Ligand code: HEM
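Shown below, as structure tokens, is a lone chain in the form predicted on its own; questions about how it binds or moves come after it.
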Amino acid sequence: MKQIDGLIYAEIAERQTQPDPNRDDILSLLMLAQDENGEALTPSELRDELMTLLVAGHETTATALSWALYWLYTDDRVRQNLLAELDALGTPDDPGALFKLPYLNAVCCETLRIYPVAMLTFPRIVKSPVEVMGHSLEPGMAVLGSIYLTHHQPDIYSDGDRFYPERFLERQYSSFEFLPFGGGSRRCIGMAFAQFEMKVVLSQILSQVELTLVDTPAPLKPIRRGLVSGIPPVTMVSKGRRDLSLQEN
């Protein structure tokens, strides 16, 4: 941690002494950000945000991508619908066009809904007495929101155990109904990056490789690991190529 912190703080210090207005990387954007009082982030706060992106963003996105591939290859209808959308788009030079594809977005959202990687929000500590839905909360109590239970509320998501991306085309859910990255001012800083990463990776895999499940296990259930969930072991193999540009491994 000392070595990592040393590298990060050295980079922050260099940016502060040699600012470059033409840079648009995440650190530069964070250094330009200001709070409601016009204050910039401190070096310690910048370090924390960068560590969040580096450490908290790799396993969670990989887990979400694994679930997406599992669902796509257990539901031919969904996979064919997504392939048709990708084929119609071709290979545009503008990645922004990929980010805006409605069915690809729906597939990613439904993946994050049905088995959200973060099953709970981080705890909030009650500061003053408050009543929520008939429950009296006293100062000092810790309150956690259940993302998983919210995503399976029958009055919000009918047939919530079914993988059905079309629900995100038929309705726009509020930030209190769909919250895989949490909500409010402390929503995950990596949300936009994670969503973009999912869309790029899924589009590349589906457009260039044909996969198949080695077996057809019973419907998989997530494995809980503290505040996050994972996917049980499942094996997929390539059975052909749609594009020979992939390197042989």
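Residues carry their position along the shown sequence, with the first being 1. Given the structure is predicted, the values throughout are model-derived calculations rather than measurements.
Not pictured, yet referred to below: the form predicted in complex with ligand HEM.
Here the marked residues 69, 83 and 163 all miss ligand HEM in the predicted bound form; none has a heavy atom within 4.5 angstroms. The closest heavy atom approach of residue 57 to ligand HEM in the predicted bound form falls within 4.5 Å. For the chain shown alone, residue 122 is a contact residue for ligand HEM in the predicted bound form, at least one non-hydrogen atom being within 4.5 angstroms. Using a 4.5 angstroms limit between non-hydrogen atoms, residue 193 touches ligand HEM in the predicted bound form. At least one heavy atom of residue 186 is located within 4.5 Å of ligand HEM in the predicted bound form. Note on the interface: of 134 to 142, 148 to 156, 165 to 173, 113 to 121, the segment with non-hydrogen atoms within 4.5 angstroms of ligand HEM in the predicted bound form is 113 to 121. Proximity to ligand HEM in the predicted bound form, defined as a heavy atom within 4.5 Å, holds among 52, 212, 207, 28 only for 52.
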